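In the form predicted on its own, a lone chain appears below as structure tokens.
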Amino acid sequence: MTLLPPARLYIDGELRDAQGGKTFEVINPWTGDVAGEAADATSQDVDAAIAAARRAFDETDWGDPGNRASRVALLTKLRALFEENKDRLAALARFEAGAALGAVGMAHVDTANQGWDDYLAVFDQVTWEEDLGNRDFRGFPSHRKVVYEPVGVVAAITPWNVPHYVNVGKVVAALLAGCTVILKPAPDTPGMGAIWGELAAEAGFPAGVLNVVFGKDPAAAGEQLVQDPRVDLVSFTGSTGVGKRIMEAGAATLKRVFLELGGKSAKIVLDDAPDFARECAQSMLVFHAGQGCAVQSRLLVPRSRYEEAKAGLAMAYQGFGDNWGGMDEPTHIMGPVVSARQMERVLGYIELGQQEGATLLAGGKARPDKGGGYFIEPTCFVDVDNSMRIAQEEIFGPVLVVIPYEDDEDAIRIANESQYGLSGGVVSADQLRAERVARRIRTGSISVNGGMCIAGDLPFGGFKGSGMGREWGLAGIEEFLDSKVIATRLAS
């Protein structure tokens, strides 16, 4: 007996099966059993989705200036339908992505829907036209203006960790901008994509404006979208390695690419931090089993207080104990990792950390006693050098590494000594000191003394290997616009 309804494709305004009726199984991370089945899209299905999106952009008024109010109205209606289906979204988060009940109401569902509201709230702030006035340039007196238009057809390629959150971040912004969209969710979480097609059909979206395709192969549909010249922009969230491949493949058609990639974010606890041991203890990496690109997976603490930090963390992990991994426990915020493949990857890094000479302070083992799924204990390494692979590479699991530093300059150096730059944090009793350190960290967002630096009305994105472009807030909508200069010659 499956837990989820079949996930169907949505192409050109129709819910449909894959050509030939091919399907694949969706696995429940909690049990390792089949949770449902999904259509396994063929290249012909993807081609049909691209053609539909291209036609809807080129031949309808979806992106026209006069249609902006209608777009807002339709996306407001769709938002209401998603609210009505919150229980279904919660089930998809649990049985596709492995979300614990205590995490569902956060990033997986409620925070995503709140971000949708933020997009609707900032839409009136979008600049669609700028009047640059008159200028006589080399004998050509002209009146100049800049108009901002939707880019065109968007391929939104999204990951499995917090799928609804990322789907909202890309799809709502692109549709508000006036683009048409092909959403391609990860094979682990096709239902979180399929629901967009079902509810868009219910809301009465014009055919081709939004299309949803997915398949068992994690790369095939994405490769086709990236390489097709009819697609104008690719918005991708996922690993840095795949992001590089997308840039390479999209270069042939000079496609615009927006990439939100990996992270190895550092939290710096300065030596004057209030309640120092507790601050360190609260840095445990347990929410959604550490499966987040912006999680603070490197904890940097002063060498002068390193033993105090380790003692606080040891007590925290011991106190956390077995308060995780209960499928029906509403207070748990940590469940399994998403798949057997991810479990193997994370356990491989834990073994590597020990080989590199780091000390395992807590956890480090698989926990089959939790169930038939993919459970790994909350894990913490101390005595870590920033040159170790466990400090430099994104593990994407419940693994925290703790690194000592000598002084503020050393902490800044260590934080920046990374290919990534997505998020981070600084804690100090001296706010000005904390902000001075924060300004020198090369990262897209950073929290000072617990400030919330990631929200639906704030731009989100990274530096360096963490990507390019910004999602969410006003900047998130503007990513899907192009500028056009119109200069009209004036009479002499």
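Here the structure is a predicted model, which is why all the values come from computation and not from measurement. Quick note: we count residues from 1 along the sequence shown, nothing fancier.
Only in words, not in the display: the form predicted in complex with a small molecule, which the text now covers.
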{"query": "E351, P378 and G397 all contacting the small molecule in the predicted complex, non-hydrogen atom within 4.5 Å", "finding": "no"}
{"query": "is_contact(V242, the small molecule) in the predicted complex, heavy atom dist at most 4.5 Å", "finding": "yes"}
{"query": "Heavy atom of S418 within 4.5 Å of the small molecule in the predicted complex", "finding": "no"}
{"query": "Touches the small molecule in the predicted complex: W160 (any heavy atom, 4.5 Å)", "finding": "yes"}
{"query": "Partner contact for P187 in the predicted complex: the small molecule, 4.5 angstroms, heavy atom", "finding": "yes"}
{"query": "Among the candidates G312, G178, G373, G222, the residue which, in the predicted complex, approaches the small molecule to within 4.5 Å (heavy atoms)", "finding": "G222"}
{"query": "Heavy atom within 4.5 Å of the small molecule in the predicted complex - residue from V337, V168, M192, L422", "finding": "L422"}
{"query": "Residue stretch of 379-387, 231-239, 327-335, 352-360 approaching the small molecule in the predicted complex, non-hydrogen atom distance within 4.5 Å", "finding": "231-239"}
